[in-house]
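Starting off, we have a lone chain in the form predicted alone, written out as structure tokens.
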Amino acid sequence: MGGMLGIVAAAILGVVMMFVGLISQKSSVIRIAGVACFLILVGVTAFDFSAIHEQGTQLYFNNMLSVGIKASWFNVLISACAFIYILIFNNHITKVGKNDAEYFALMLFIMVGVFMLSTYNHLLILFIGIEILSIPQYILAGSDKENIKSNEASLKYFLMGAFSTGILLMGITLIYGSVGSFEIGNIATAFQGEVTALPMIGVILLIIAFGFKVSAAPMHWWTADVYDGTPTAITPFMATIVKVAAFIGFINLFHGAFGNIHYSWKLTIAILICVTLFIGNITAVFQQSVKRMLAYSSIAQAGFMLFAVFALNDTAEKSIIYYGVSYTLASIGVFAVLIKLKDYTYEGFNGLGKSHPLYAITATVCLLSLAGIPVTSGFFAKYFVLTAAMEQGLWLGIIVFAVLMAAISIYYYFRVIRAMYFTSSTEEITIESNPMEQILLVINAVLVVLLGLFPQFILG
């Protein structure tokens, strides 16, 4: 049963959380239960990983799920990231609305979708995984019912998500129509040499559908409004864990099924990379709200992760896992400081370095990682995806362009750092500091640096 347990455990724990909400109304009980559920999930995925490590790749349900060493290692890491997120934000999640137990339950259900996307071997499981990943998010986006922006975010997200699901199904239908099978292996075997127009349109539709899910430009229009309107306690979960899972699904499909016909979709991905990097970085420069800036920066980061989709090699598959973890930890760190502030504009950060040095330092480390400054994990994350693209023979021009765009990103990340250290605040910044949370933020920042110093821990 090794390998399947993560999916089963996440589903059961989600139901358990719903019952906890029925039994107790106390947010302290619900928070402890939520943290415990995610801790159990980390334990289960780790147990799974050790089982797969001994037995090798396992197939389930008539080969619909294929659990290999990479997939199970990714599951362990993403569960650990989700656990760190819950530890830091559990207090804030319970303050979003009245049904706090259900928010934790929905996040556990999202984890079911995450595990399905990392292990599917069949296009139907891919579709179900994406739906399980998306539907709880539409509810979470609108969980702050009194806030009109939250309602708007939920509706926009739902409409865009439904639209992209239709495109995804159309793509899957065309692929099935030309191959007669949903299995990744059979599709790869059928696609040798020249392919007709029918499957090619299917592949393009799948790129568009995944573009929506990972917020790659020009399918990114919903991102800033949805991230901005969603309660700040929930945004980091959507921007990191869900996005990384969508990328893993993207790579599994394009490397597994369409690897043999890569010449036909490579140009499309290369154009997507350029457009996403350009729009994400340039728009982020003009934002006044740090939360919206982080939304556009997450689009820019998606541009870098697309390099791993482009490159059909081992480096790419390892580097996307590393990038995912490094980007998740850094984003969680920045959002954890942002949620403490009343004012989400750059002015809100003024003088934070003097008044609350610990929060300022942890935020700085995470911002440096997002900008890709050496010593942090963000530097190596960008380095590895670009190396994978180099090995694959991506035109050097695009890689140089990506590096230039990374240089532009330094500007808007450093604006926050400048506000914290070099601009004095007119008003006193009041933050309810909680010693446990401060310890967690320090641990998070230390992890960002350690992964930068020892990337082998994840890549090995």
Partner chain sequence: MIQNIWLVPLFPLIGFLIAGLGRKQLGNAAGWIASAAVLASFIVSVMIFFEVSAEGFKSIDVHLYDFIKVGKLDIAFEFRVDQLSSLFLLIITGIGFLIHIYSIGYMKGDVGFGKYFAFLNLFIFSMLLLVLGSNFIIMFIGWEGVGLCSYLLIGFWYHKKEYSVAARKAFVMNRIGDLGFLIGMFLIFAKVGTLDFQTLETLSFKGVIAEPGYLTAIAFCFFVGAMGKSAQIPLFTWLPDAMAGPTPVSALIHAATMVTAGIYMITRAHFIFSFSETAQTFILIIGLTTALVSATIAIRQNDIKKVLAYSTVSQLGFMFMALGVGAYTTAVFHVLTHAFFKALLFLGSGSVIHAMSNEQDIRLMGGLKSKMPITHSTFLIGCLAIAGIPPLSGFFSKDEIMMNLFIHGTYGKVFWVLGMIAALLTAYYMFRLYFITFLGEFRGGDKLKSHLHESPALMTMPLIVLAILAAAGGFLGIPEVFAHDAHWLHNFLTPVIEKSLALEPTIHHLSHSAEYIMMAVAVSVAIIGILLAWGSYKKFDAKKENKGIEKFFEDKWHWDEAYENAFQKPFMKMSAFAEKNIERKGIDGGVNGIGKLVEFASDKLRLLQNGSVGVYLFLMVLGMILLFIIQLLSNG
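Positions refer to the first chain, counted from 1. Quantities reported herein were computed from a predicted structural model and do not represent experimental measurements.
In what follows, reference is made to the form predicted in complex with the partner chain, a form of this protein that is not presented.
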Item to check | Region of this chain that lies against the partner chain in the model of the complex, out of 110-118, 153-161, 175-183, 71-79 [heavy atom, 4.5 Å] | outcome: 153-161
Item to check | Touches the partner chain in the model of the complex: residue 431 (any heavy atom, 4.5 Å) | outcome: no
Checklist entry - Do residue 296 and the partner chain come within 4.5 Å of each other in the model of the complex, heavy atoms counted? => result yes
Item to check | Touches the partner chain in the model of the complex: residue 124 (any heavy atom, 4.5 Å) | outcome: no
Item to check | Proximity of residue 278 to the partner chain in the model of the complex, heavy atoms at 4.5 Å | outcome: yes
Next on the checklist: To verify the annotation, which of these, 259, 218, 374, 357, has a non-hydrogen atom within 4.5 Å of the partner chain in the model of the complex?
Outcome noted: 218
Checklist entry - Which listed residue (272, 368, 321, 300) meets the criterion of a heavy atom within 4.5 Å of the partner chain in the model of the complex? => result 272
Next on the checklist: When the partner chain is placed as it is in the model of the complex, are 35, 55 and 83 each within 4.5 Å of it, taking any non-hydrogen atom of the residue?
Outcome noted: no
Checklist entry - Within 268-302, which residues have a heavy atom closer than or equal to 4.5 Å from the partner chain in the model of the complex? => result 268, 271, 272, 278, 279, 282, 283, 285, 286, 287, 292, 296
